[in-house]
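Before any questions on how it binds or moves, here is one chain, the form predicted on its own, in structure tokens.
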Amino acid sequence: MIELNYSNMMEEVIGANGMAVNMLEGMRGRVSGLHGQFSERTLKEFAFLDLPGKDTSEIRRIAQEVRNDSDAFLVLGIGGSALGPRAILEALSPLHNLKQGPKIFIYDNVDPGTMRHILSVVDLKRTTVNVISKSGSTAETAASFMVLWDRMKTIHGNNASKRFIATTDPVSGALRKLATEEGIRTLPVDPLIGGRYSVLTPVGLLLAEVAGIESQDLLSGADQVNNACSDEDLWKNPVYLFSILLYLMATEEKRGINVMIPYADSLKYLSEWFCQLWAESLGKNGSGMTPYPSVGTTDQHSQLQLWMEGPEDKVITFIRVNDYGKDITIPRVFEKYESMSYLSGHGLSALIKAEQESTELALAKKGKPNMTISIPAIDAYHIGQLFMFFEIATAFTGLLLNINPFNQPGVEEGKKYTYGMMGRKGFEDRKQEVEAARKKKTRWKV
């Protein structure tokens, strides 16, 4: 089980910048009330909590078909529909395309250069495309789908639909309708589960199985976190403590920037996945906290100076890995150079752990609040734990802030302007707004 060590968040450890015990004690009643909302599923969007019990047999069956008849697997999606799958792939099968097949590509933007590069290296005769969109109306995903559909129709003719899988709403939406009419294989996403909470649905699990990662292990890890969070006692619930500490630091101490720094290259994209989850869920009505993705030890050399001596507005969360697997020993060479020879005989894992603990200590010595989440190993079970840990923490923090952690009205506004600019019916007024705004901008250019 993952472990939260929040010693360096506390006043008795780091001094005046830390949190007093009585501040946490004062939140007990509120925590108990919010816990009741979770346990009773008072919001329909709490459906993500029930994902660990879902049957994955259809996901596994389709993944086996992909492995049998495809040399490449191309995922089309954006936001949580791409960040979640990418976090799984990079954490659990790093350098995948150099080691095994089918090769996996994730196209999560509409950069034509990236699309050209992908098309230059995949053989569409042996490629399966997974289109991920609950509605089917997401402009970026729709556009990339249209490009691939046209290419596949040219190559496969009436059999083009067999090269696609649509991960979408089980009943409604443009993509569901199109998939039914064209005979495209489908996997359902519960309409109550938003994209940024969907990594443990077919959105992430199909890619996992295609890559040879056991989806059931991810779900089992998530289930373990659910069990650990069933206790409403604040001092026994690591997710609630994580949320309360960040909430109080933001609201009482004005530390609203949350740095996430895993000490493993393979967890870099999990940090980025967390940032979307945290930002899109909490940034509403003037509230919210700013997530800040990093990776150790790299960002000790690019960002640590700011954390140590910059504005007093940050909380650092480390992710520490206890077991990196098969280690590499630093050889006994350059022994006459003391500045290097002291490393001889140590494992690389010992060095990265020392770097993490040293950074943690240096920050604490300067009175900078930080905490550490330790995971036993980077495997599907513990990655599943991290996914559920952060999803529950995000939803809980949203309720603490008295906002809805499941909607994204600010994002929807931007989408409407895009629809207008691209000529979608019903959004003509948005196009007019854009044209008016362009006129105002002409004066302020150099």
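No experiment lies behind these values; they were computed from the predicted model shown. What we label the rigid core is the largest C-alpha set whose atoms superpose within 1.5 Å from one form to the other. When you see a residue number, it is the position in the sequence shown, counting from 1.
Keep in mind the form predicted in complex with a further copy of the same chain is missing from the figure; the text below concerns it.
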H346, H156, R126, R185: which sits within 4.5 Å of a further copy of the same chain in the model of the complex by any heavy atom? H346
Is there a heavy atom of S161 no more than 4.5 Å from a heavy atom of a further copy of the same chain in the model of the complex? no
Does A377 make contact with a further copy of the same chain in the model of the complex, using a 4.5 Å heavy atom cut-off? no
Does D55 reach a further copy of the same chain in the model of the complex if we count a contact as any heavy atom within 4.5 Å? no
If we define contact as a non-hydrogen atom of the residue within 4.5 angstroms of the partner, is L192 a contact of a further copy of the same chain in the model of the complex? no
D69, L248 and M260: each with a heavy atom within 4.5 Å of a further copy of the same chain in the model of the complex? no
Though the partner is not shown here, which residues of 196 to 219 have a heavy atom within 4.5 Å of a further copy of the same chain in the model of the complex? none
Core-superposed C-alpha of E435 shifting 2 Å or more between the shown form and the other one: yes
For G15, does the CA position differ by 2 Å or more between the shown form and the other one when the superposition is done on the rigid core? no
